[in-house]
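Just the one chain here, laid out as structure tokens, in the form predicted alone.
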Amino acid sequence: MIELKHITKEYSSGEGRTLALDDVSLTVRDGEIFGIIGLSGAGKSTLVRCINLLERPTHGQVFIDGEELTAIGRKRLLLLRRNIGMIFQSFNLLEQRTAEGNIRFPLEIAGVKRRAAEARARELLELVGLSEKAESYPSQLSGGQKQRVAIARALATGPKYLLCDEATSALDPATTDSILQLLRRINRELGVTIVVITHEMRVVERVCDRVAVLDSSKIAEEGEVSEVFSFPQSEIAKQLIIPELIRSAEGGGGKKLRLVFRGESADRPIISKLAIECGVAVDILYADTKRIDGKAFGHMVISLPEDGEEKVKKFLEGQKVSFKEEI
């Protein structure tokens, strides 16, 4: 388990002091994929780098499996870091080493014998689907392949935790999806706890179990992804998660309701059934719904006349569709 307690990080410069993190506390449970989202400059990357002390907090404590990293010596810290892998947006591969050589590198530093390191590297290349690229150099690999090598390298020492700092930001949507599928597989099959730093909402939506929203160096909101993404409470979470929805509700007349679909059957014609049974003319102002495994997920904003409001609410309650009046 990862525990951050009252983490504050300040940077000093000729222009004064900059507060990157302000009294941040959170817990990442074993076996989960935990997302951290926020606007640029919110402190996301600083926060994840405080977990393995690549950035040492100005104040506060970092615990990994009950041991306080902020209170131990350098030798012990270097040993514990083998249990925490990390991948970056820019891949950070060694250009003069092959894919296999990059994966072997942390094992060589750890003193693993060459044959064992080679066997481990080949095993990990197979895991990430790049067995045929063992002798390829980074310049010969695509962005997605480079990130797969970086993931394999991060797993080389068998870490319990994997930190991902904007790991998909440089990738196209299709490649991003394949990397997210790989991370989910690593989480499920290897039991690796993963922390994902991202500004991409769909990344969190696709793979994370819980999420924390950072705003101006503080945690504005935290909870299960399904709950935070369905009913964001803080203004920053609303801006990040449902910006188009908010804009859609600003214009037009009539009463507005936001419907939230969290796994309802995609075959149910909710809106047409509502119009027929309630006899109410409904305008759809915004819809962002998707079908996943035959279920409907997403949001919809509808506008309706005031004299039909109570009938519509009663209908939605009967259909077990969540809704909110305020956007």
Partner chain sequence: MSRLFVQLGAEGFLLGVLETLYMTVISTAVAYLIGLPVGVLLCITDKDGLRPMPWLNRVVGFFVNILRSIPFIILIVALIPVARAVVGTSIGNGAMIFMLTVAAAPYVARMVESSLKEVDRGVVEAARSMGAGTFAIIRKVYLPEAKPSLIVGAVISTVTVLGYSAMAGTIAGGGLGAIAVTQARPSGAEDVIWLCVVLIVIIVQVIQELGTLLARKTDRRLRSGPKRASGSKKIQNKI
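These numbers were taken from a predicted model, which means no experiment stands behind them. Residue numbers count along the first chain shown, from 1.
The form predicted in complex with its partner chain is left out here; the points below concern that form.
Contact label in the model of the complex: residue 115 to its partner chain, heavy atom within 4.5 Å: Result no; residue 115 lies far from its partner chain in the model of the complex.
Does residue 95 reach its partner chain in the model of the complex if we count a contact as any heavy atom within 4.5 Å? Residue 95: contacts its partner chain in the model of the complex.
Answer with yes or no whether residue 46 is in contact with its partner chain in the model of the complex, where contact means some heavy atom within 4.5 Å. Residue 46 lies outside the contact set for its partner chain.
With a 4.5 Å heavy atom cut-off, would you call residue 81 a contact of its partner chain in the model of the complex? It does: once its partner chain is placed as it appears in the model of the complex, residue 81 has a heavy atom within 4.5 Å of it.
Have a look at 227, 205, 222, 108 for me and say which one sits with a heavy atom within 4.5 Å of its partner chain in the model of the complex. Checking each option against its partner chain in the model of the complex, the one that comes within 4.5 Å is 108.
Among the candidates 242, 192, 124, 86, the residue which, in the model of the complex, approaches its partner chain to within 4.5 Å (heavy atoms): Exactly one residue meets the criterion: 86.
Of the listed stretches (295-303, 278-286, 34-42, 52-60), which one has a non-hydrogen atom within 4.5 Å of its partner chain in the model of the complex? Of the options, only 52-60 has residues within 4.5 Å of the partner.
27, 238 and 256 all contacting its partner chain in the model of the complex, non-hydrogen atom within 4.5 Å: Per the other structure, none of 27, 238 and 256 touch its partner chain.
With the partner left out here, which residues of 132-147 have a non-hydrogen atom within 4.5 Å of its partner chain in the model of the complex? 137, 139, 140, in sequence order.
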